[in-house]
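Presented as structure tokens, the chain that follows is alone, the form predicted alone.
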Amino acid sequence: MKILVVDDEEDVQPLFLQRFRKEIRNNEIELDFARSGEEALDYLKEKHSEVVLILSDINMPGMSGIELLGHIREDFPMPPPPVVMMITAYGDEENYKQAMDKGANDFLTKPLDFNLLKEKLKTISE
């Protein structure tokens, strides 16, 4: 399963690589990273058919995760569409409502519970 993680924070990539090292080593998942919404869209233009799941931060400079979600749903409608989980440090109702209205499949809050995320990944892969 190819996963695109979109977050402007530098520490996200090493954290994900460490937390998923066993799954990566067993070829269960492949992680790619984008540091902005714009970078994520460029990536998806090339590899949209490979990406099964997108994990996107909501609050990023430039294009927000909510804006990115809108572009994903409008620009890449071909089946199967990627599963999109939004991530935010703020578990507020407005972000949740906006994300779900734009077509998010799930909503996670920071700090991420990686055990919960791994359980959600199992249901996607089945």
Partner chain sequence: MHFFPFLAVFLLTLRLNRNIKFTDLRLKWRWPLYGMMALSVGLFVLCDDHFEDSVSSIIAAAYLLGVIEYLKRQDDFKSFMVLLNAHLPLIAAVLLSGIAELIVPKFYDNNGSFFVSAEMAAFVWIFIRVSTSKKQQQEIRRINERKDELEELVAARTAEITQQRNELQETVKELKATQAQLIQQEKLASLGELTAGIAHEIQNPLNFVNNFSEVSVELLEEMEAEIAKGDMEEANAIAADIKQNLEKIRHHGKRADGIVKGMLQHSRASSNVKEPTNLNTIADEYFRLAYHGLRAKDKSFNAELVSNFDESLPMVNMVSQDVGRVLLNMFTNAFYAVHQKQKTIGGDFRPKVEVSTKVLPSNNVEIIVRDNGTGIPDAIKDKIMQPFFTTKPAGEGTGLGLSLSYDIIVKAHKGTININSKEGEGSEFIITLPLG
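Numbering follows the first chain given and starts at 1. Bear in mind the structure is a predicted one, so any value in this text is a computation, not a measurement.
Heads up, the form predicted together with the partner chain isn't pictured, but that's what we're talking about next.
- In the predicted bound form, Pro80 stays away from the partner chain, with no heavy atom inside 4.5 Å.
- Taking the partner from elsewhere, Gly70 is found to have every heavy atom lying beyond 4.5 Å of the partner chain in the predicted bound form.
- Although the partner is absent here, Met100 sits far enough away that none of its heavy atoms falls within 4.5 Å of the partner chain in the predicted bound form.
- Remark: Val12 counts among the residues lining the partner chain in the predicted bound form, judged by a heavy atom distance of 4.5 Å or less.
- Only one of 59 to 67, 44 to 52, 72 to 80, 26 to 34 places residue heavy atoms within 4.5 angstroms of the partner chain in the predicted bound form, namely 59 to 67.
- Residues Gln98, Lys110, Pro111, Leu112, Phe114 of 97 to 116 are found to place at least one heavy atom within 4.5 Å of the partner chain in the predicted bound form.
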